[in-house]
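Next up is one chain by itself, shown in structure tokens, the form predicted alone.
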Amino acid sequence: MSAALDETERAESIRMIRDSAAAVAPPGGDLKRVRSLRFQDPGFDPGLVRQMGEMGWIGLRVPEAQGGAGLGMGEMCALAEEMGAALVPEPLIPCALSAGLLAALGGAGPLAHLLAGEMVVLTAWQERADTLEVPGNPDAPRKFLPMAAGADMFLLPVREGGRIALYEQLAARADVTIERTQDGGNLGTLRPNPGDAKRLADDVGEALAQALDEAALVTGAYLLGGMERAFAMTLDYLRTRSQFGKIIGTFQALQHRAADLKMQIALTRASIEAAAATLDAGATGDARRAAVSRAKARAAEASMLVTRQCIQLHGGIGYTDDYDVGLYLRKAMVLANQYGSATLHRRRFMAVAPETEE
């Protein structure tokens, strides 16, 4: 099979993924639904999680032999981009992280139920802010668990000697504290109870590191979708709003600002797509980490810049909670630092690829 044909098939696969997203995230999004779920428990629709499972999205990266779709990062990032454009609150990325980890163990634990969307399974790996390291301290609280109010089970990495073992703990018997986030969702802090946890594997260190890298890149793609949609809404506003008897989009100063934002979005897209292609080509180790960090750093910074500027370009109405463009800034504020901030990823990029300039 020729390389050109491979590229054609990949492009068609990505197009089909984007088309399938319309069933959950229609063009332009369903922001009325998003608003109805804000500041409520669990903060998302469990029925929609099941639908995502039925459509194969949770297991998009899981091999077919283990019940997944066996697709690449290009497809996963395209899906996340569509979810970001619609501000879908369902925890697809955290569930996909857990699915990838369980698949690496040969389908251990609740993988089948997770892939079907019957369970929300979150990996409780983080012990402090802004890190991708997994200390695995047995008694340390695990923080920043996305949408933990709706979790059915937690995966708990625990350091034992020089390895990271993996345990599962039912959410119904877990000690979890829930905090609201700026976008109307929630984060959980889990205090582990090793005596009530079931051991799944002896060593998941490398599998977890890869799963976290993929989650970071997919989060960058979600941010890309959000900033692109916010920018499209802003362009529509600039083309219709009149001031001093003129459409404000004809003002040269505003045109220059819009051009700068479009450039930021284009650079972010190029970085996300290049990183996805690098991972799909089989990159490992430092090459994988450098590609992911370059893309996530750009997406995190650009998403905050673009969504803030979109608010300003709308004028006073953009600052009101009733106006939809503000929802995109709120989401960027929550997700920009998930799976590593721009600062962390810039630092990591320079550590693993110091000879390369971004």
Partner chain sequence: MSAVTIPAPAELDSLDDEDFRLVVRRFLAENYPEELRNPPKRLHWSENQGWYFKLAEKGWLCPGWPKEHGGLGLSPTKQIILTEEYERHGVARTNDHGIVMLGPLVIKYGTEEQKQRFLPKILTGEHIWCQGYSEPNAGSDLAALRTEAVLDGDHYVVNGQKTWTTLATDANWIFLLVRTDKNAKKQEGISFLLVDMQTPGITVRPIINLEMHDEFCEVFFDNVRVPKENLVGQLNKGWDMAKALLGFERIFIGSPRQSAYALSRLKILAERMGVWEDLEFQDRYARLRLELEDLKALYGVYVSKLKRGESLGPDVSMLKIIQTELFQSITDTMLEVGGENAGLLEPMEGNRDLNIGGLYIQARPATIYGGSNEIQRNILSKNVLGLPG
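Positions refer to the first chain, counted from 1. The structure presented is a predicted model; accordingly, all values stated were derived computationally and were not measured.
Below: the form predicted together with the partner chain, not depicted.
A heavy atom within 4.5 Å of the partner chain in the predicted bound form is found for one listed residue only; from Leu170, Ala108, Leu254, Val134, this is Leu254. When the partner chain is considered in the predicted bound form, only one residue from Gln264, Gln210, Thr181, Thr278 comes within 4.5 Å through any heavy atom, namely Thr181. Taking non-hydrogen atoms only, Arg347 approaches the partner chain to within 4.5 angstroms in the predicted bound form. Shown alone here, Ala65 lies farther than 4.5 Å from the partner chain in the predicted bound form, counting heavy atoms only. In the predicted bound form, the partner chain lies within 4.5 Å of some heavy atom of Leu329. Although the partner is absent here, Arg241 sits close enough that one of its heavy atoms falls within 4.5 Å of the partner chain in the predicted bound form.
Only one of 32 to 40, 66 to 74, 287 to 295, 45 to 53 lies within 4.5 Å of the partner chain in the predicted bound form by heavy atoms, and it is 32 to 40.
Within 4.5 Å of the partner chain in the predicted bound form, a heavy atom is found for none of Arg163, Asn193 and Ala197.
Contact annotation for 112 to 140: residues with any non-hydrogen atom within 4.5 angstroms of the partner chain in the predicted bound form are Gln126, Ala129, Asp130, listed in sequence order.
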